[in-house]
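First comes one chain, alone, set out as structure tokens in the form predicted alone.
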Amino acid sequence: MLNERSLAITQECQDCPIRHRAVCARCESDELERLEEIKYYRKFEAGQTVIWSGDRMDFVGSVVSGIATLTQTMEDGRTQMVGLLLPSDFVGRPGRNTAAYDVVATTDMVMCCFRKTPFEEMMSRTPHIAQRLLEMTLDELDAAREWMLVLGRKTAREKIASLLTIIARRDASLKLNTIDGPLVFDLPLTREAMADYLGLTLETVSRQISALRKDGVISLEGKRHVTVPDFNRLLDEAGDDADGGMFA
């Protein structure tokens, strides 16, 4: 079940920052009205567990703001971060009753949740929702395959640059900004979380971020406020190109 320590909030759909990217992006006004009847917003504090692996899920939903991690735990207690949930990403799977992973908020996070059974019923009657969810699922599959390349073949510097491009792209998309000029965003992950996700040591992450800053690929204000003067240069550092990429 949804963590009951979460705090209820309200937000109007027209003010939703992920409206153009979320599972409801293609819905008509009458379809949005039906979604309104089954939705509710929840706020989670940084470090709070949204749901544990194996727990029954009576909701699905989208991340509105903040970021969460997907973590899998082995029988001997070892854990591995297997994914990130960024704003507009979908949480849960229609047709599945239990959570496959631990979902933990790494920053303060807001979710737009839908009661699961009514949402599944609405999917069968609303092609716009089903089509959009299929698109998001296929995008997630492509991203997972590309992330295998990042973890398996890229250098530490390329891994850091790849993660920064993911976050920069998503931030620009949500703000409806182009990537032609400088990009400015707040890094939502600690150095420790980045190390865990990328399979690196904390020292390596800190060293590579410092090297990217020294070389002018990024600039930092404090530890989290990042400016990317030239996005194409960051893409070059990541071994990617401007035509596509993970987590667009």
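We call the rigid core the largest set of C-alpha positions that still match within 1.5 Å between the two forms. All residue numbers are counted from 1 along the displayed sequence. Just so it is clear, the structure is predicted and the values come from calculations on it, not from any experiment.
Absent from the display: the form predicted in complex with another copy of the chain. The rest refers to it.
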**Study point:** Candidate from 216, 47, 199, 182 lying within 4.5 Å of another copy of the chain in the predicted complex - any heavy atom
**Key:** 199
Check your understanding: Any chance all of 57, 113 and 190 sit within 4.5 Å of another copy of the chain in the predicted complex, going by non-hydrogen atoms?
Key -> no
Exercise for review: Look up in the predicted complex whether residue 97 has a non-hydrogen atom within 4.5 angstroms of another copy of the chain, and give yes or no.
Suggested key: no
Check your understanding: At the 4.5 Å heavy atom threshold, is residue 157 in contact with another copy of the chain in the predicted complex?
Key -> no
Point to revise | Distance check, residue 80 to another copy of the chain in the predicted complex, heavy atom within 4.5 Å | key: yes
Practice item. Classify residue 195 as contacting or not contacting another copy of the chain in the predicted complex by the rule of any non-hydrogen atom within 4.5 angstroms, answering yes or no. Key: yes
**Study point:** Contact stretch among 182 to 190, 66 to 74, 38 to 46, 217 to 225 - heavy atom within 4.5 Å of another copy of the chain in the predicted complex
**Key:** 66 to 74
Revision key, fill the gap. Of the residues spanning 141 to 167, the ones with some heavy atom within 4.5 Å of another copy of the chain in the predicted complex are 141, 142, 144, 145, 146, 147, 148, 149, 151, 152, 153, 154, 155, 158
Point to revise | Large Cα move at residue 154 between the shown form and the other one, threshold 2 Å, rigid core | key: yes
**Study point:** Flag for residue 235, CA shift 2 Å or larger between the shown form and the other one after aligning core
**Key:** yes
**Study point:** Per-residue C-alpha change between the shown form and the other one, residue 166, threshold 2 Å, rigid core fit
**Key:** yes
